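Structure 1 and structure 2 below are the same protein chain in two forms, each given by itself as C-alpha cells.
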Structure 1
C-alpha cells in the first residue's frame, strides 16, 4: 500500500493537502502528521477527521522520536485518542508510549520505533521486532537511517522474517531502495510525499516518482531487481529509462539507483538479493572488474565494465559504451556514404569513456590521436591502444576529420565550458560529444556555427542502455521510445 503523509503546518493547508492526496489515484491512505500543525488543538483534529475520505493513520510524533510535537505527553496522547475515537483507522504510537494509549476505539495501533542515526544490527532489529510485536501492536513499524547501502539488507531480512504486519524501511538517500522495494519484501505500506518539499522523513520520494518512475504498483514478490552502481546516482536518467522499457515490454522488473561507496562490500552483500543485472558508472567501472566471476573479452580489452549480467548466480561483466559510441559515429558518417576506416580522429580525454570509445574506433581501423589535460594519461591510453597522442597545445594544428569529446567539460551544470579552443573546429569536420546533459553542449553549438557536422551524446547513452537491456532480458530494446524519454527528461530538467 502507498501512504502519503500530510505535513502542512496549519489546518487550512493541511485539509487542502489531505484532499489532494486522497483524490490521487493509487494512494491507499494518508498519514495525518498532526505534530506538524502549529499549536494543534482538539478542534483541529475534529475538522481534519471529519473531512477524511480514505483511510488515515493519525500520528503526532514527539521530538524525541524525530517529530515536531513539543507539548506535554498527556496532551499528545489525548490528541491521538481523539483521532481514534473520531474514526482514524490507524494510530501510530511510539514504542515507549503504547502503555499510555487507551484502546477503547477500533483504531489499530502501529507501534513505531525510529532511529535517525543508524540501522541497528540484525540481532538488535530482531529483538526490537519481538518487543514491539509483543506490546499490543497490530502493525509493527521500524524505521532506521541507512548509513551504507548494505544497511538495507538487514531491513529486507527483517521484513521477510516478520510474522506480524510490519512497516520497515531505511531513511536517507541510501535507504530509498527500501522504500521502492517495500512491496517486494512485504512491508505493510511505503510512504511517499505529496510533492517535492512535503516529505516527512529524509530520503522520502514523491508519490509521482514512486508510481511513474519506479512503477510501484507493479512491484511484487516476484519482481526482478536491476540497478545502477555509481556515486553519485541521484540525477541519473537510468531508472526512468530502464523502468519504462521493463513496463513497455511487460517484464516484471525494477531498476534502482545504488549509491555505492565500497564496491566490494556492495557486490558481496547484494548477492543475497540475487540482483539480475547492473549498469556501472563513475567511479566503479574499473574497480568492479576484479569482483566479477567472468569478463566479456571486449570489457577486458577496453579495461572497463559498464554492464553486469547475473546468470545463475555468476556475475559477468560487459562493456556496451564502446560499441554504442562507434555505432553513433558510423551512422553519422553513413549519411555521407563514408566509413570509419582510415579516418583521422582526435579524442579529447583519457578517462573511462575515452578508453571505451577509442577502443571501438580503433577496431574499425580509424587513425586515432589522444589528447588529454593530464598528458601522462593520454600517453598511457595511447600506449594501451597502440595509437598516437599529442599535447593539448598541439590540438589546433592537428589534421582532424572527426573530433570526439570524452571529457566531462561542458556537462551540466558547467554548460558554458568548452573542452577545446573554438579555432580547432573547421568546416566539414564531424564533432561528437559524449556529454549528454545537456544534449546540445557549447562545443556542439560552436561546432555547428563553424560548419561542422555534430553528433550529441544522447544516442550513445540510449544505445549503451539498449545493449544492456538486450543482455539482461534477451529481447531487443525499444530504442526510439527510449531516446524520446531521455530527450524529454533532459528538456524538462533544464
Structure 2
C-alpha cells in the first residue's frame, strides 16, 4: 500500500493537502502528521478527521523520535486518543509510549521505532522486532538511517522473516531503494510525499515518482531487480528510461539507482538479492571488473565494464559504451561524407568512459590523443591503447578535428563548468560531449558559438542503454521512443 504523509503547519493547509492526497487514484491512505501543526488543539483534530475520505494513520511524533511536537507527553497522547475515538483507522504510537495509550477505540496501533543515526545489526533488529511485536502492536514499524547502501539488506531480511504485519525501511538517499522495493519484500506499506518539499522523512520520494518512474503498483514478490551502480546517481535518467521500457514490454522488473561507495562490499552483499543486471558508471567501471565471474572479450579489450548480466548466479561484464559512442560520431561525420579513418581526435578524460570511447575510435583507425588533468592517468591510458597523450596545458595548441569530452565536468548540477578552455574550440571542429544531463552542456554552447559542430550525449546514452536492455532481456529495445523519453524528461527538468 502507498501512504502519503500530510505535513502542513496549519489546519487550513493541512486540510487542503489531505484532500489533494485523498483524490489521487493510487493512494491507499494518508498519514496525519499532527505534530507539524503549530499549537495543535483538539478542535483541529476534530476538523481533520471529519474530512477524511480514505483510511488515515494518526501520528503526533515527539522530538525524541524525530518529530515536531514539543508539548507535554500527556497532551500528545490525548490528541492521538482523540483521533482514534473520532475514527482514525490507525494510530502510530512510539515504542516507549505504547503503555500510555488507551485502546478504547477500534484504531489499530502501529508501534514504531526510529533510529536517525544508523541501521542496527541483524540480531539487534530481530530483537527489536520481537519487543515491538509483543507490545500489543497490530503493526510493527522499524525505520532506520542507511549509512551504507548495504544497510538495506538487513531491512529486507527483517521484512522477509516477519510473521506480523510490518513497516520497515531505511531513511536517507541510500535508503530510497527500501521505499521502492517495499512491496517485493512484504512491507505493509511504503511512504511517499504529496510533492517535492512536503517530505516527512529524509530520502522520501514523491508519490508521482514512485508511481510513474518506478511503477510501484506493479512491484511484487516476483519482480526482477536491475539498477545503476555509481556515485553520484541521484540525477540519472536510467530509472525513467529502463522502467518505461520494462513497462512497455510488459516485463515484471524494476530499475533502481544504487549509490555505491565500496564496490566490493556492494557486489558481494547484493548477491543475496539475485539482482538480474546492472549498469555501471563513474567511478566503478574499472574497479568492478575484478569482482565479476566472467568478462565479454570487448570489455576485456576496452578495460572497462558498464553492463553486468546475472546468468544463473554468475555475473558477466560487458561494455556497450564503446560501440554507442563510435556510432554517434560516425553518424555525425556521415553528414560530411567522411569516416573516422585517419581523423585526429582528442579525448579529454582517462576513466572508464574515456577508455571505452578511445578503444572504439581506435578500432576505426582514428588517430587518438588522450588528455587529462592528471597527466599520469592520461599516459597510462595511452600506453594501454597504444595511442598518444599530451599534458592538459597543451590542449590549446593541438591539431584536432574532433574533441570528445569523457569527463563528468559540466554534468548536472555543475552545469556552468567547462572541461576545457574555450580557446581550444575552433570553427569547423566537431565537439562531442558524452555528458547527457543537460543535453546542451556549456561546452556545447561555447563550441556552437565558435563555429564548431556539436554532438550531445543523449544519443550515446540511449544507444548504450538499448544494448543493455537487449543483453538483459533478449529483446530489442525501442531506440527512438527511448530517445524521446530522455529528451522530454530532460526538457521538463530544466
Ligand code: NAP
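Think of the rigid core as the biggest set of C-alphas that the two forms share within 1.5 Å after superposition. Predicted, not measured: the structure shown is a model, and the values here were computed from it. Positions refer to the first chain, counted from 1.
S.K.: With each form of the chain shown alone, which structure should be assigned as the form predicted alone?
M.R.: Pick structure 2; the other is not the form predicted alone.
S.K.: Core aligned, does the CA of residue 68 move at least 2 Å between structure 1 and structure 2?
M.R.: No, the C-alpha moves less than 2 Å.
S.K.: Taking the rigid core as reference, does the Cα of residue 339 move 2 Å or more between structure 1 and structure 2?
M.R.: Residue 339: C-alpha displaced by 2 Å or more between structure 1 and structure 2.
S.K.: Honestly, after the rigid core fit, is residue 91 moving at least 2 Å at Cα between structure 1 and structure 2?
M.R.: No, residue 91 moves less than 2 Å.
S.K.: By how many angstrom is the Cα of residue 349 displaced between structure 1 and structure 2 when the rigid core is overlaid?
M.R.: Core-aligned C-alpha shift comes out at 3.8 Å.
S.K.: Can you read me the CA shift for residue 452 between structure 1 and structure 2, rigid core superposed, in Å?
M.R.: The shift comes out to 5.5 Å.
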